[in-house]
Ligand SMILES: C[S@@+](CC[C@H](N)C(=O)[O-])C[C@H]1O[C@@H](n2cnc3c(N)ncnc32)[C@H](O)[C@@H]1O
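Let's start with one chain on its own, the form predicted on its own, as structure tokens.
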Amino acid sequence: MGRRFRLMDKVYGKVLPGCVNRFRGLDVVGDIAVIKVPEEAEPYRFEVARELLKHLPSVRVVLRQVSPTSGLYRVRGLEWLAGERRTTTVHREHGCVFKVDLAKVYFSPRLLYERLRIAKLVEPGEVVVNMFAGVGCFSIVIARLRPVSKVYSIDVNPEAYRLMVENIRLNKVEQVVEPILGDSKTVVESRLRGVADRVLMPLPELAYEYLPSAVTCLKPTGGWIHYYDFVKAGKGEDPEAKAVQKVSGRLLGLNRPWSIAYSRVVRTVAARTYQVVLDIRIGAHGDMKS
């Protein structure tokens, strides 16, 4: 994070000295850099992008994020600034390769740590359901690093599904990861009730609404849910505590024993707005004392 900030300070300092320390947003996905540009620097955005290419020899494209992720497919608005005119790339992470089209699917390199953290928690022989799989990153990292029995990998975006199928083949996990196109709530209710040891919910916009379906997906003996949400926290407020409070009200009505085993702030997404993950342990049916 610090190196990225220093790099953007250097770039803005070269093009527009008055903009130094004003905004440093930068993500690198494969050989594409995505930047956020402060309003006062917008007239100089092409110069900023060309300067950035000089400092990142592995980058071939610079795009500007012009709107946040939105809509059913969580796609962000992008503007080409410099380099090759494309939005497709190949991203490498944890020994896996992922084809991505940033104009058509959601992808965040900032979930790198989470993808590895979750994979390390998975036990041999588990059945995993990823309710919001995107191009398959969480699912494929798990399948490559852990001897799991099955990973059901669901996404509603046809383009994400197409890339997921290709990524599964590229990473040679066809025998373990099953890609499914559709709304995860519908898929779980129709064919994945009671099958999972572990459920992933890496879509903060829908995780709260879909939480009952995640519980339904777990085996009668119980299991784990990795729940991600966005939390606004004012000065002095604890975003993790607020996330726990919010989820507790939802879980109390599901008639299953539960506990929050772990929580952490994954990243800051805006002023006083945080992405939080909760690792939730769900107990067996009929065992409300566990």
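Don't overthink the numbering: it's just position in the shown sequence, from 1. Quick caveat, the model's predicted, so the values are computed rather than measured.
Another form, the form predicted together with the named molecule, is not on view; read the next lines as being about it.
With the partner omitted here, the residue from T89, N171, N157, S213 that has a non-hydrogen atom within 4.5 angstroms of the named molecule in the predicted bound form is N157.
The contact with the named molecule in the predicted bound form, taken as any heavy atom within 4.5 Å, belongs to C137 out of C137, V128, C217, A143. The candidate spot formed by A119, D197 and H226 lies out of contact with the named molecule in the predicted bound form, as no residue has a heavy atom within 4.5 Å of it. Remark: of stretches 119-127, 171-179, 143-151, 73-81, the one touching the named molecule in the predicted bound form is 73-81 (heavy atom within 4.5 Å).
Using a 4.5 Å cutoff between non-hydrogen atoms, A133 counts as a contact of the named molecule in the predicted bound form. In the predicted bound form, no heavy atom of L192 sits within 4.5 Å of the named molecule. The closest heavy atom approach of D183 to the named molecule in the predicted bound form falls within 4.5 Å. Using a 4.5 Å cutoff between non-hydrogen atoms, L206 counts as a contact of the named molecule in the predicted bound form.
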